[in-house]
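In the block that follows, a single chain appears as structure tokens, in the form predicted alone.
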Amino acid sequence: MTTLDTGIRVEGLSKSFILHTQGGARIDVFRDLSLHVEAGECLALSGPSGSGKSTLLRSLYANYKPDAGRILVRHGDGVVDLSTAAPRAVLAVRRRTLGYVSQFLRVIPRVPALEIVAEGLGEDGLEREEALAHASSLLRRLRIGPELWRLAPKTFSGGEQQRINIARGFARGYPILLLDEPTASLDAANRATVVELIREAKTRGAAIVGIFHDEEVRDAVADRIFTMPSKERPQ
């Protein structure tokens, strides 16, 4: 049985895309990439635009299937390889172990903001009132006022939607967190709150992989920086 002492480990990961509309040109986004993230550590992905940072993050979340390699995550008492896991296993890991915070909020229309943040907290053992109180606290910290909690966030501003997405991602205390530019478009006060949330997650033992284009935020939370290797041009 595979053992894993770290929160997440990547071994020999490769990913390419075939451009069928351009004569079948192939782009090797990254090849034979390896990294690990310990519990309580934040690893920041670095590299210029187009270097594959977002592709790597989506691969870690099993949105993209890699061409080769392994993505090992500690899930409960065992280890799951997300590069080969069945869809049901991937969903189980996402429910309990692996959180993802992107810049964009994707939710069911007409679901109130408070319910979006509280969703799934019952699986962590919280009674409904406790879950709603926890969600309310996060929304207050991120400066989303009570007048918005019962409204569906589809009508909110981009910054408000992003803060709801952040609150939802940090609400459940995932052991592993993937962060895709969580402070993009946020003002200074809310950026500072996100830094606090990341530090709190590290303190409770979360393993975090993030993309931070804001160097001040990156320097405040990252323990290590992983620079994406140069990719090959289309063949």
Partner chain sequence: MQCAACPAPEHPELFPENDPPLLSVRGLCKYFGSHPGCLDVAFDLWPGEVLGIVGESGSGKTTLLRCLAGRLAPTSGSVRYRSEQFGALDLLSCPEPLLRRLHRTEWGLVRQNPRDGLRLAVSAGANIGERLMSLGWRNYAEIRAQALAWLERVEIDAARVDDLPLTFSGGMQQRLQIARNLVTSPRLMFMDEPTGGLDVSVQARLLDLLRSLARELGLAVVIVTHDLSVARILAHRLMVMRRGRVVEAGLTDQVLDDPHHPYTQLLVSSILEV
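Small disclaimer: the values here were computed from a predicted structure and weren't measured. Positions refer to the first chain, counted from 1.
One more form of this protein, predicted in complex with its partner chain, exists but is not displayed; see below.
Enquirer: So, in the predicted bound form, is Arg26 in contact with its partner chain at a 4.5 angstroms heavy atom limit?
Expert: Judged by the heavy-atom cut-off of 4.5 Å, Arg26 is well away from its partner chain in the predicted bound form.
Enquirer: I'd like to know whether Arg199 contacts its partner chain in the predicted bound form, with contact meaning heavy atoms within 4.5 angstroms.
Expert: Contact with its partner chain, no.
Enquirer: Although its partner chain is absent from this view, report whether Arg204 comes within 4.5 Å of it in the predicted bound form, heavy atoms only.
Expert: Arg204: no, not in contact with its partner chain in the predicted bound form.
Enquirer: According to a 4.5 angstroms non-hydrogen atom cut-off, is Asn63 in contact with its partner chain in the predicted bound form?
Expert: The answer is yes: Asn63 has a heavy atom within 4.5 Å of its partner chain.
Enquirer: Please pick out the stretch from 206 to 214, 179 to 187, 63 to 71, 30 to 38 that is in contact with its partner chain in the predicted bound form, where contact means heavy atoms within 4.5 Å.
Expert: It is 63 to 71 that comes within 4.5 Å of the partner.
Enquirer: Go through 109 to 134 residue by residue and record those having a heavy atom within 4.5 Å of its partner chain in the predicted bound form; state none if no residue qualifies.
Expert: Stretch hits, in order: Pro109, Arg110, Val111, Glu119.
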